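Heads up, the chain below is alone and in the form predicted alone; it's given as structure tokens.
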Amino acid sequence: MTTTDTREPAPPAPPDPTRVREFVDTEIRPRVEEYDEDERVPDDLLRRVTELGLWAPFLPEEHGGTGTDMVTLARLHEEVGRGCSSLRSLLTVHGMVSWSVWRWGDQDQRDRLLPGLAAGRPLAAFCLTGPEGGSDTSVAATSAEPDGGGWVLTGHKKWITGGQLAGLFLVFARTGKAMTAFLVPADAPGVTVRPLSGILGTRASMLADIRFDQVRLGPDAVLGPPGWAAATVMTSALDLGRLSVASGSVGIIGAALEACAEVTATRPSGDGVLADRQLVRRMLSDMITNRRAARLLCAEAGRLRDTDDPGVVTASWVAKYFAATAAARAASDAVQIHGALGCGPRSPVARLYRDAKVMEIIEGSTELQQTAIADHAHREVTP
């Protein structure tokens, strides 16, 4: 006699930072210099990311995610960033698009896109930066004109992380004097993707230059309120991106610390080893302190995002500013400690040095963050 189990299957478990740390140590770090040299993340690693549920774990279960909270997401991205900033960058932009569809999409867009995005099928890229504007999003080389019931998109985006891989682009374009967000399939007629190589850091993040030549889109391509993307879709997505970059920067500090602890414990210096030198100890102590402080700032930003606290925007700015600049100092000190060993073409700390510099530029440059944080201070004290 047989019986049928009518119980509902258990929902998938949220990704565990401890398990992801093991994945990074066993499957990423032994090969990461190859990724950097080849300027691409291999397909087998992308499949493992899907198996671990890392693409958009914050999505609710009904849309294919696991409902992972933002504090945990920060720790996950820290661990991935400790192993490979390029892979973490792919998680960042894919997550920004997935979040945007979940937060601002209509029911049809959510039902149609989110289950695939949760599994990384397709991968998505965030297309905001143009060739001229940099951090100034008011300078747009891309525009969209109404065409019957749809739109015609024309323009140029550059430095697009994951652009070589993505099957879906979230494109920000001028519509009159305002900005609107569009969901654009990578295989739409008129879309041209050109790989960018020889980048300073995050070389395996598969950046691309993307052109849109009279790309025709239906009305269902618009994401969020037309003409209000700057205040809605863009702002919330960039806030998530800053949390991810900040967390990945914590990972860079951790990787620099581990590399330096190992080499200073064994490398001869005078009658002892490098670890005996006071100035070297100062560098290590700064790495430990800054990693802890940056991790706490990321946790605060994640907690505020989880509770929809309006203070999350400033918290994300502060976390990203502190973590990125601390990562740049830690990576610079790591190269200094390693000396000539840190300058080789396959030196892990040389890669960290290059990647850390990128963290000070993406998702808002250090100078832009300083301005925004100072503006917040003035708002707090001015009646």
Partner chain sequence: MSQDVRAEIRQFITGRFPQLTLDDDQDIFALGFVNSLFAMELVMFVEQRLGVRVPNDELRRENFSSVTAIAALVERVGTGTEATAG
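Residue numbers count along the first chain shown, from 1. Since we're looking at a predicted model, the values are computed, not measured.
Unshown form predicted together with the partner chain; subsequent notes refer to it.
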Checklist line | Interface membership of Ala230, the partner chain in the model of the complex, 4.5 Å heavy atom rule | finding: yes
Check: Does Asp147 reach the partner chain in the model of the complex if we count a contact as any heavy atom within 4.5 Å?
Finding: no
Checklist line | 4.5 Å heavy atom contact, Trp102 to the partner chain in the model of the complex | finding: yes
Check: Are any of the heavy atoms in Glu22 no more than 4.5 Å from a heavy atom of the partner chain in the model of the complex?
Finding: no
Next item on the list: Identify, from the list Ser269, Ser197, Thr266, Thr307, the residue with a heavy atom within 4.5 Å of the partner chain in the model of the complex.
Entry: Thr307
Checklist line | Partner-contacting position among Ile288, Val313, Ala261, Ala299 - heavy atom within 4.5 Å of the partner chain in the model of the complex | finding: Val313
Checklist line | Full three-residue contact with the partner chain in the model of the complex, heavy atom 4.5 Å, for Gly201, Ser347 and Glu367 | finding: no
Notebook entry, point to check: Which among 89 to 97, 272 to 280, 233 to 241, 163 to 171 is in contact with the partner chain in the model of the complex, heavy atoms within 4.5 angstroms?
Noted result: 233 to 241
